[in-house]
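Below, in structure tokens: the form predicted alone, a single chain.
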């Protein structure tokens, strides 16, 4: 039976906006757009053991769009992998909960990310290593659509396809906005799914805020029913869940002040 992802995602979004307000942090739009994807990954699809989070046989998750780390940290707390009290240290002096994830600081953070286009490199290497070691782990990597402007994304897509890494799932958070403007205005990639299909991926296009669609896509990818890697193109809205953030470029950079935090928590009331 499907979990109540909507409630779980709402709690994660409340944590995100609270963290960003406390730390005077940014990238709220990017975190909100992928919150539903992270919710379903950690609560419905990834295999891991809270009592043994470093088990090498567990599934791996790499947040390549590392600037959205507040969503990752909130997701780890939601899944019980870190103490919720840690969220209060986000972005503070001497914290482990730094703005871009650092490998090994918390359970299930398997890569240091932030330089865009690098997460898929690490994910492809991890998927190949798992095959060589005869490990059953699935590897999931979450990228931004603006990030797909990086040539390293397509170099690794070609390699993953050639190696038939069907234990690899690349998820593209297709919110249509990047740091300098709309994707179509900066470097128009058009149909992202067709791009990955051309590189030999099994490609699934979904509404990235439809929990059933997300779960079905992730489970299809994890079933390894083909010999291809999978790309999930998730159409999302930047800033999803908070009216004044939705589809607004400035929320890539702005921090919610106290009044904006109050409005957000009211809109995300449980």
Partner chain sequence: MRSIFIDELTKIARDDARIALLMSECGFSVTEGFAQEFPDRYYNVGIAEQSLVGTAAGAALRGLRPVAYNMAMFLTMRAFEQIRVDVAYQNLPVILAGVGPGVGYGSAGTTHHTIEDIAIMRALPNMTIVFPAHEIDARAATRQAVELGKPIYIGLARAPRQFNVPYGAESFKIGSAIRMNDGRDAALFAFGSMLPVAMEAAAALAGDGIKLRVYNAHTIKPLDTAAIDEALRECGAIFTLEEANIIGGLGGAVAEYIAELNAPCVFKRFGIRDRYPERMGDYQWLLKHFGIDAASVAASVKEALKA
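These figures come from a predicted structure and were not determined experimentally. Positions refer to the first chain, counted from 1.
Just so it is clear, the following notes concern the form predicted together with its partner chain, a form of the same protein that is not shown.
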Check for me: heavy atom within 4.5 Å of its partner chain in the predicted bound form, for each of 75, 208 and 244, yes or no.
no
Its partner chain: the contacting residue among 186, 158, 81, 129 in the predicted bound form [heavy atom, 4.5 Å]
186
Quick one: find which of 160 to 168, 131 to 139, 194 to 202, 115 to 123 has residues within 4.5 Å of its partner chain in the predicted bound form by heavy atom distance.
115 to 123
Taking heavy atoms only, is residue 176 within 4.5 angstroms of its partner chain in the predicted bound form?
no
Taking its partner chain as it sits in the predicted bound form, is residue 147 near enough to touch it, meaning that at least one heavy atom pair lies within 4.5 angstroms?
yes
Looking in the predicted bound form, any heavy atom of residue 107 within 4.5 Å of its partner chain?
no
Contact label in the predicted bound form: residue 259 to its partner chain, heavy atom within 4.5 Å
no
Looking in the predicted bound form, the residues of 73 to 96 with a heavy atom no more than 4.5 Å from its partner chain, listed in order, are 91, 92, 93, 94, 95, 96
